[in-house]
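As a starting point, one isolated chain is supplied in structure tokens, in the form predicted alone.
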């Protein structure tokens, strides 16, 4: 059995987590919207046609924001098609996913859904076929109080008060050749600046996200990011990052995905710091990792010119859940630069929540690591000193134990997230003496058959289990971590007399 040691000092801090790290994403793609969150006539639909069984699970995840309406869909979408009486809305071809869009669901419906789900909206404007003027009109429709054409139209269509959407993406993956009206970095950077100016003239309280690289695998990476940041440094607040992983045949390499994701963030942090120096700037550019997940793109289906087809509906295994855990932990470990992150997507399409049309709803395996990171990852991210065994993966030297620690002084709790990617158990020694004496509250573990998947017939095939806690009060303890497993270790500081 291998051994690992983690020393934690409460004053060795990375940053406070931004609640927006725990966000998600919905696009007009497949069944994400139609028969995902919106299904009039479903037995659990409310008066607005929203599936209340889905809302219940979304609320359990405690999302800060949901990015909408895209995604690749965004670059060909005219937001005006999705407002007004449903019977008057046009049916359009969606060229991004080769489907038919009914436009029965638009920004007004999404705003109503967001209120019921407890999440705020991360809006997005079209930088493909769209114009800076149209982006400003959308902000006016959503945020301007009244007395103008677009704001009064919002009132006419049922929302007398502004929606107050304060976070906006300026396009999506414009570095991608697959994107409708793809632009090179200079052309996108210039268009993004003009768009940002108009959007902020309408509402100077909004925050803006410019498009960074869709993937470090892009030929233009990281030159795209440098050029875009140079153009937009004074006009935006965040640069986006996107990254997906899939198992290409080697489970260990797949589990090591967090190494590559960590390197991606570090590279762009250096790029952003270079641009700050070049611009003689005072502000840091932060990151919005607004698409991340496991996605089996090699198995992507085609359903040409159908309405809301069942495409990109990955059914996730325990192995996938462990990879998602590592990715989520990486985001926390970079809380000093990554302020926004959106698990992509939320329902049906590469998602933690899966539905039957007209029927049941299911928690996929990846629901659980995101749930616990969202529930216990809010606080001060610490920077432990770790001594762990390593092994070579496709990404180079890879720690067999990955860890993240979060301290919450307000309730005196410390949570340690651990991902053991080794093929055998590991003994972990935790050194916590800078906190005084602690008691272990909980030990949750996600492990088992790596290929197990939750299904409607067996919804608990992948389910976290509670393991025995270390008894008493202590300043150090030893915990066994099962092979290829994700652990949540929760502690509470004790008073001088040993009580919690």
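Note that the structure is predicted; figures quoted are calculated from it, not measured. Numbering follows the first chain given and starts at 1.
From this point on, the text means the form predicted in complex with a small molecule, which you will not see here.
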Original post:
Among 291, 225, 175, 101, which has at least one heavy atom within 4.5 Å of the small molecule in the predicted bound form?
Top reply: 291
**OP:** Could you check which residue among 244, 274, 144, 395 gets a heavy atom within 4.5 Å of the small molecule in the predicted bound form?
**Re:** 244
**OP:** Sort through 465-473, 48-56, 431-439, 22-30 and report the only stretch with a non-hydrogen atom within 4.5 Å of the small molecule in the predicted bound form.
**Re:** 22-30
Subject >> Any non-hydrogen atom of residue 71 within 4.5 angstroms of the small molecule in the predicted bound form >> reply: yes
Subject >> Exercise: residue 295 in contact with the small molecule in the predicted bound form, heavy atom 4.5 Å >> reply: yes
Original post:
Are any of the heavy atoms in residue 420 no more than 4.5 Å from a heavy atom of the small molecule in the predicted bound form?
Top reply: no
Original post:
Does at least one non-hydrogen atom of residue 350 fall within 4.5 angstroms of the small molecule in the predicted bound form?
Top reply: yes
